[in-house]
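This document starts with two versions of one protein chain, written out as structure tokens and named structure 1 and structure 2.
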Structure 1
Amino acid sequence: MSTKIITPVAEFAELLPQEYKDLVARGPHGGRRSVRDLGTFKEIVDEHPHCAGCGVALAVRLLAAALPSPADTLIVGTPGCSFFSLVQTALNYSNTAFGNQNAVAAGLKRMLAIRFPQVHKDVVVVAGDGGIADIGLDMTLHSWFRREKITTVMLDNEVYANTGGQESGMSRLGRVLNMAPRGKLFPKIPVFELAKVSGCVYGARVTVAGPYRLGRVVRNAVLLARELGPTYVQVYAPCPTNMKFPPDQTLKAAKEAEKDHYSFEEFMSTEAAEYLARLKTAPEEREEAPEPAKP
């Protein structure tokens, strides 16, 4: 778990495209960074294979900028849209079978705690709504029940986007999709509510329309998982391809969702609140930039 994994051997270095060289030389490693530092380092290859305006790709960029210690972070994912951008970052990334990412992450976290007892090795699950809420829901919940010290981040585009537009458990009631012509017949699975009662010490529901807020809650979640137990962040990352809106309207779609059904919410245990209060007063901690004032 270091930058060595992305550093090419000298014999092949000159054969790689400039974008990859920049990713290695100017990635998110070293020093304290945050979302407000985007543009001063390279967090993802520009020519990644996501659709134009993809909310998931934007969420991955913001997440990469928010991690407290990228070089000592292992991202565990699953097949799906999130995979396409995560493999284009300068992060340690492991892909798993569809749905078992929380089980794999729990095992890796335990192993890393034994192998590196003096170093924080953060394990963060980053997967879509299908991997976490549908096929992987049992392993997601059981990692929370067991109080595994991992962070779970759901990139919720409310659809199986990379396989043609089928409804997922997180699609909204009544939503008509490419492969759901009659509309979704049941409400969104209440994963955020399940996190509250299943052992998570911290949780937040956000959208990609609030980058500073997203960065703050991801950082909180990772830091709290180090010390206290499982944490959960649910990010609305709309899909222009399957939701049929222009690719330059992704942030508008996310802002509309905030007013409609994806309002910001945050919960934390008493222990978590006390821990964050202590972190806030630590001299090495710098404050995140405030969110822009709402009109």
Structure 2
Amino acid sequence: MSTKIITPVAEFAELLPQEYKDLVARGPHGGRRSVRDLGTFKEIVDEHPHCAGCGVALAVRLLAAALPSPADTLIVGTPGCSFFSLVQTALNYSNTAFGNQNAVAAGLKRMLAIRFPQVHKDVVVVAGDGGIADIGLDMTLHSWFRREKITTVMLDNEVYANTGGQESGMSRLGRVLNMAPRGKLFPKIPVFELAKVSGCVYGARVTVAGPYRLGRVVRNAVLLARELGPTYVQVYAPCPTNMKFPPDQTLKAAKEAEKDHYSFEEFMSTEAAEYLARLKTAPEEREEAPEPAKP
């Protein structure tokens, strides 16, 4: 999409809502924006009705800021809490039957590749742990087996948050949750490990406590999916509402998880490593600054 498309003619400019005008004047579509620039530009997601302290809302905000070319990015989601903010972004966002996201994304990406052979139309799946690891696991894996050129981002709050705190396959062993009255009887589904052996050319496991890192891996994942094949980012996005901790403790919960079962991990194919190395030599792609000091 060229920014011309959203630029109003002079006669209409004043009639448009402020947020539209902001998006045109200071939106992310022109120059390169990143997580580091948050606060200096009009984001494609701003207001949202998520609960206070929602890890998913934070993850959505960060990943939206990290998209390498939001003007040509299509997000495919599925029912779950991420819907609340994604449906309000200034992007095309699809959300239909629960769990179908990677199949929808595959069909969409193939059609866009036919229609726009000269443009990278980035198709990014953004969905919850239940959507990706349980009800949609076959479609997640098959999109990877088939080497579909899409990025899959799991916003893992380790629970079915949207439906009221039920056990998901990504919930931790022993956790007492709705529908797991005696605690979960099996460990987290190793989706990250599956990604390595199922065809993903790049994968990263991060938490919302590291915004720069999250931004960097999302950007890598989207760029690599264009050229090489499927990529996967798994984000820990804790849920104060269902995990029953105070909403100002979300980052703390994420930090703690980083020391425990959610340590940072990244894998990539040889071709992916070469591609990223080539990118880094370009001046605008220098290594990100260190994370901001802890609050």
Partner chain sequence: MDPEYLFSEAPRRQVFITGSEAVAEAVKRANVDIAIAYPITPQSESMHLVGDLYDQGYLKDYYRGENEFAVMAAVHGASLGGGRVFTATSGPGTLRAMEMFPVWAGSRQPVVCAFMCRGVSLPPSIQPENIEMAMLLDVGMLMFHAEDAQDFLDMILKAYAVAEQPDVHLPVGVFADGFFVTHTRSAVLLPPDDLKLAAYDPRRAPVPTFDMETPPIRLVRDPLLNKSNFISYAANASWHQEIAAAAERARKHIRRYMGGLLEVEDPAAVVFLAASGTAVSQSREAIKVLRAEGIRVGLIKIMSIRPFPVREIEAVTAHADLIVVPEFNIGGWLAREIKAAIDNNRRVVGGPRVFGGMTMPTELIVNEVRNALSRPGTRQPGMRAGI
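All figures in this text were calculated on a predicted structure; none of them were measured in a lab. Residue numbering: sequential along structure 1, first residue numbered 1. Under this definition, the rigid core comprises the largest set of C-alpha atoms superposing within 1.5 Å between the forms.
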item	value
Number assigned to the form predicted on its own in this pair	1
Threshold 2 Å Cα movement between the two structures at residue 274, rigid core reference	no
C-alpha of residue 33 off by 2 Å or more between the two structures on rigid core	no
Residue 45 C-alpha moves between the two structures by 2 Å or more, core aligned	yes
Core-referenced Cα shift (Å), residue 13, between the two structures	9.1
Core-fitted comparison between the two structures - CA shift at residue 22, Å	4.2
